[in-house]
Every structure is written in structure tokens, then in C-alpha cells.
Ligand SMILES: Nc1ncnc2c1ncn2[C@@H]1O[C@H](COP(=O)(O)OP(=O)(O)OP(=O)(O)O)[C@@H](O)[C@H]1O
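We begin with a single chain expressed as C-alpha cells, specifically the form predicted alone.
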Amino acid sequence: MPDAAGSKPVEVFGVASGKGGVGKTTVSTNLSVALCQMGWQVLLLDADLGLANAQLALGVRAEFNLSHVTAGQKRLAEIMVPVRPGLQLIPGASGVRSMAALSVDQTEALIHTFEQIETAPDCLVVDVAAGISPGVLSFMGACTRRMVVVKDDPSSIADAYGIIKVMHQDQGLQEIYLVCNQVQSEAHGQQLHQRLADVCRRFIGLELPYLGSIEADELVLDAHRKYQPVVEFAPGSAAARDYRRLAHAITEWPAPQGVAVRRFFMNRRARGFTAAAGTAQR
């Protein structure tokens, strides 16, 4: 909520998955663009540090990435890439072994660098790597909310439950939501959520809210081939419709129930986030 000075806490949500190949980065990028289209000032962090590909999904090129920040060669603001008006990307590294194996202390130090950003956005979307590595859990623990992307596939469901269990039981995290991707219909997505929510309620005592579903749509792959998010490539498609619904659901979120001990923008609030100098390179 806005404070007396007209500012508000930065909404930070992490996007995770138990396994790769479920469309986590596609969700992160399209959701970021959809929120931007609704007037939010959005910063997207590609925190899949070893195999980052958000810049491909958004059709931009980055000269520098987080490996230059961890090496002390660049400040965080210097690697930010303007994507669209109101949307910027912090690119992760791809094929850099050292980045894929950051320690918890190094990850925490990276999170702390977000205090350097002069003006904070309305929201930060953190696209983490798949799985339950210490770095992933550190990033997710620093978010105010967490969403787990799942497909209706036995291994995806099992791994989604695994990361939810670790976040909740081992890390004590709350505010975990489920996004069902590539489903046949909204009803199918709700059924998938209900199955996983029942397991979470029974075995780990967690209420797992349903955030939304993304319908399977061939235009998503067509958009990937054109290096564009589907919400822009095919705004009338079923998937684009669902991403806009997802973005709207996020804007209707109530205030978070708890605050992370360590989090992004710990001492910052949104104050007129502005794009960095330069233009996105197509």
C-alpha cells in the first residue's frame, strides 16, 4: 500500500519449477510484459545464473550480465537492459560455470546489491533456475511471494511438490502459489491444482493457493521462434489472454502475510522507476 509519501513497498515474486522444460521462463517473461502493459514498472531478474535465456525470449541482446557484477567489473545498474517502456531486464550468464555454482553467501551478496538501484520498480520478477539448489532457495527466500510452475506430467508434479515441500518445511516460507502451464483448459488447470493442493494440505500442512492457468497454445512456440513474448506476438491468442488474467490476479493480491528476513529492496520503496539510458537491441 502507498505510504504517506506516496511510495509503496516493492512487490517481489520468484518464479520457480521443480524441473526444467515446464515453461518457467516463458511464464516469467510474458507475465513481466503483461504487468508492464497494465502500467506497472517492472524489473525482470534472470536468476538462472548458469543457463540464462530470458533475453532470447524478449528479443534483446545484453553486452554485460550478472557475471560482470559478481566479478566486480560492473554495478548492477550498468548491466540493466531496457526491453520496453516500463520494463527492464537484468540478464543472467549463460555457460559460465562459476555462476551456476554460486555459494549461498555469494547469492546473498548479489541480493544485497539491489539496494544500489537508485529508483525501485513497482515489482521485481525473479526467474530462478529449476530445482532446489541452495542458490535457488536463497533467491526464493528473498522474495515476498513465490509461484511454482507445473505441467500435468507425473515428473513435473512430483518435482513441483518437492520444491514446495523444501521451501515450506525446510525454509519456513509462506506465500507460495501455483501456476498450471500448458493445460487443456481452465477447468483442467483447476483440477491439476486441486490434486497438488490436496497433497500439500495433507502431508505438509500448507494451503497452496491457485493463481491461474496458461492454456496450451501453438502460438507460444511461434513467438519463441520470433524472439517475442506471445502477449505481444499474438495478443489475441489463448495464452496471451491467460497471461493477462495472471497479471490481473497479481495486481489484486492482498498485502503479504510475512516479510522475509533478507529480501530484495529491503530498505527501498517504489519511487518512479525510470528506464536506464539506451535502447533495447532487437
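All figures in this text were calculated on a predicted structure; none of them were measured in a lab. Residue numbers run from 1 along the displayed sequence.
One more form of this protein exists, namely the form predicted together with this ligand; it is left out here, but the text below deals with it.
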Report summary line: Among Leu45, Leu66, Val220, Val33, just one has a heavy atom within 4.5 Å of this ligand in the predicted bound form, namely Val220
Query - Any non-hydrogen atom of Val22 within 4.5 angstroms of this ligand in the predicted bound form - result: yes
Query - Contact flag, Asn181 vs this ligand in the predicted bound form, heavy atom cut 4.5 Å - result: yes
Query - this ligand contact at Leu49 in the predicted bound form, heavy atom, 4.5 Å - result: no
Query - 4.5 angstroms heavy atom contact with this ligand in the predicted bound form for Met38 - result: no
Report summary line: Partner contact check in the predicted bound form: of 135-143, 181-189, 72-80, 104-112, the stretch with a heavy atom within 4.5 Å of this ligand is 181-189
Query - Residues from 186-219 in contact with this ligand (non-hydrogen atom within 4.5 Å) in the predicted bound form - result: Ile214, Glu215, Ala216, Asp217
